[in-house]
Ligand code: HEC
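First, one chain by itself: the form predicted on its own, in structure tokens.
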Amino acid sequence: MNQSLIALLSMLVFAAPVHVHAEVASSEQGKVLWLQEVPVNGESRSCTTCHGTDLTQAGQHIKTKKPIEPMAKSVTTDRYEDPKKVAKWFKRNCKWTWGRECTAQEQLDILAFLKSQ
């Protein structure tokens, strides 16, 4: 899926319920995906590995130790405003965490979860 379509989808998830291939963005499914442990390169990873379970608090990159701003939209209100950044970080983080790119539906669900925090 091209980046402009992903960017458009990420913008729309904040504006209204989004239908993608007859699916609706699900905050509940986004939480499941966020917590999902996946074995990659001999280690188990999830989004919480770097971002933590309390999304209102800062996280820390597991390898670089760089701080990561809170993921909760309620705390970092402008975090998801730039569609290009959203697409870039999904591409990087999904590949590192899950060993593959996230599907458009997974991205919508995770964004819905982050928005609800």
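Note that the structure is a prediction, hence the values are computed from the model and not measured. Throughout, we count residues from 1 along the sequence that is shown.
The same protein has a further form, the form predicted in complex with heme C, not shown here; the description that follows concerns it.
Asker: Within 4.5 Å of heme C in the model of the complex, heavy atoms considered, which of E43, E37, E69, E28?
Answerer: None of the other options qualify; the answer is E69.
Asker: Does Q57 reach heme C in the model of the complex if we count a contact as any heavy atom within 4.5 Å?
Answerer: Contact with heme C, no.
Asker: For T64, is any heavy atom within 4.5 Å of heme C in the model of the complex, or not?
Answerer: Contact with heme C, yes.
Asker: Given that heme C is not shown alongside this chain, does N93 nevertheless sit within 4.5 Å of it in the model of the complex, heavy atom to heavy atom?
Answerer: Looking in the model of the complex, residue contacts with heme C include N93, since a heavy atom lies within 4.5 Å.
Asker: Let me know which residues along 83-116 have a heavy atom within 4.5 Å of heme C in the model of the complex, or say none if there are none.
Answerer: The stretch touches the partner through K85, V86, W89, F90, R92, N93, C94, W96, T97, W98, I110.
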